Each structure stands twice: as structure tokens, then as C-alpha cells.
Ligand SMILES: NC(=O)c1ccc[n+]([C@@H]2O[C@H](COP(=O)([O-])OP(=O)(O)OC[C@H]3O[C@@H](n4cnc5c(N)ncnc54)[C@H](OP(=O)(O)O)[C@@H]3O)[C@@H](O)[C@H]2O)c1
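What follows is one chain in C-alpha cells, specifically the form predicted on its own.
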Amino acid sequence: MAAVKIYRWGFVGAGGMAQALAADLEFAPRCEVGGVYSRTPQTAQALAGRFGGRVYASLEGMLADTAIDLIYIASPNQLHYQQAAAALQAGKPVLCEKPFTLNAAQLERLIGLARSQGLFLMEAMWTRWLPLQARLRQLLGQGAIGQPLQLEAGFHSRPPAAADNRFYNPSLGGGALLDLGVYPLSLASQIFGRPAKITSTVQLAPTGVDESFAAQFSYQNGASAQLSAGFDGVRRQDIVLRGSEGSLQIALDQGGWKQRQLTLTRGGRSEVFDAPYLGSGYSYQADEVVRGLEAGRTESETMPLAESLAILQTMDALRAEWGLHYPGEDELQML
């Protein structure tokens, strides 16, 4: 019997998201931390010391190592494009944290590069693979609430309001839209597709990034979505989706977008679906990557590249309304 392939992941970045995925790889038995590169060597040492793997002094060193099977990018937003491009050019499949890139033009270049190389590329929208999201897609496919008509979703937190905090730093691709808003935008995309019309309001921070926003999306079929995100305080804000024949409500964990419970209401009766997840919920996206690689696919069927691109195009449109432009985001050179 052939040995089971274990996929050794190269982690680029060693912050909170990287630590969360590394911890959850214990629930993805065919995955392990193979190595870590960070611009801050101490954080790389800490991650490798806890979860294993080699520490690399440079990104180039990691990408040249044939023992590393794929790359996971969890660095600050403004680094995603060039680091993902470097990984693809080195022949490595890539899972890249959201926001995939700063803008749609950067992602178009990455998609073209991945396809020219025949390599797997995916956005790390981990919520797509939570068990509850699978249940949501099943219920919608069965017409449980008839035609979906109205979505309400938001994501709010309160990071330290300091210019050196990456969330507030325009040079690091900061702002509520890219770090928090991408979650409700991605959910709206999954349900309705791309909006036909966008209206929004924004509150800019003194640093120039968006501190909070509210948006209404209108769709060709008459549906709408009210979406928001901000650094204006942690709040309980469950997801509500109303349809022509009923509604769905998803309970969110306090302070995050982890989803364990869904309530279906139809005909005056409610049914509750519990969908617990393993660990912190991040192992499911790792399983999706492995399935894609094993099947010889170059993208995920659940989070396809065309949809990731459409979401970034929508975020570009919002930022254009707000006059928000990041330093250096128009640089499209490949490494």
C-alpha cells in the first residue's frame, strides 16, 4: 500500500491567523507545519517552537526548499500580492489570507500567473467551509426560505486606535473593509452574486483608512443586502437572511465570525440546527486545499477565483466612493 502523502506547509507570517491555522492543523491529519518565515524572526521561532517546522531566514530560502509542498500567506495585507507571486513563480501552490490582495488588478495578475503555472491558488475565506455554512448552502439549495431577498450582516471589533496598529495604517493596507468587511461581503456574494448597485457611508480614521462603513447592495433580481463593518466596538450582530417563504438566522460567536447555530423560521415554526466545528474552525480550509491538490484542481469549487476577484472588484468600488487609495497599490510588478 502506498504511503499517505503528508503536506508540509510553509507559513509566511507568524501572527494571530498563522498561529490559529497552525494549531488547527492537528485536525487535518494530512497537513503539518513544514517551515516558517516572518519578517520578525522572534515570532517565527515562537511558531516553529510550538508547532514544529524549520525557521527560514528569507522567503526565498523557504520557496527554494523542495520539502515545502505549499505556501500559506498570513502576512500584512500589503505584502500578499508580491509574496503570493513569488510563491507561484517558485512553483508552490498558495493559500492566501483575505484580503487576497489590495485590489482586483493585483489579483487578476496572480490568477493569470497561477493558471499559466498550473498551480492551485485559493483565498483563505475559512468560514466557507465551516459545517454550518455547508448546512446553509444545503437549505438554500432546497428552497427552505423560498427566494432569498434580504441579508443583514456585519462584523465589528475594537483594535487599539493607534497609527502604528496595522488596522489603522494605510501603508499596511489597513481599514475595516479589508480586514472585517470582507466577511459579510463574501457571504453576500455567496448568496446573491455580484451587486448591480452599491451605496455606502463611511467614517474615516485620522490616518485616512476606513474606521467603519455601512453599505447597501442591490441585485438584479430585486434582492438587497445591508452590510457593515468597523473598529467601533465589539457587538452581537447575528446574520439574518429573509426570503419569500421564511428566514434564516445565524448566531455569531461574540467578537468573531465563527458560526455554530442556525435557526430556520418558516410558516410560524422554527427549527434550530447546531453545527459545532473542530478546534477554532480553521482546519476545514486546509482540508479543501488538500482535496484540490489531490484532484489536480487549480482552484476551489467552493471559493472559486472568479468570485474572489468579483469581491475585490466590489471592495475597489467602495473605496473609490470613499476616495481611499493605498500607497503603492498600483505597483503590479512580479518578483
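Keep in mind the model is a prediction, meaning the values are calculated, not measured. Residue indices: 1-based, along the sequence shown.
Omitted from view is the form predicted together with the named molecule, to which the following refers.
Though the named molecule is absent from this view, in the model of the complex it lies within 4.5 Å of a heavy atom of just one residue from 297, 30, 39, 50, which is 39. A single residue from the set 230, 195, 184, 99 has any heavy atom within 4.5 angstroms of the named molecule in the model of the complex; that residue is 99. With the partner omitted here, the stretch from 68-76, 261-269, 242-250, 207-215 that lies within 4.5 Å of the named molecule by heavy atoms in the model of the complex is 68-76.
In the model of the complex, the named molecule lies within 4.5 Å of some heavy atom of residue 282. Remark: residue 166 counts among the residues lining the named molecule in the model of the complex, judged by a heavy atom distance of 4.5 Å or less.
With a 4.5 Å cutoff on heavy atoms, residue 17 counts as touching the named molecule in the model of the complex. In the model of the complex, none of the heavy atoms of residue 81 sits within 4.5 Å of a heavy atom of the named molecule. Shown here without its partner, the chain carries 13, 43 and 179, all of which come within 4.5 Å of the named molecule in the model of the complex through at least one heavy atom.
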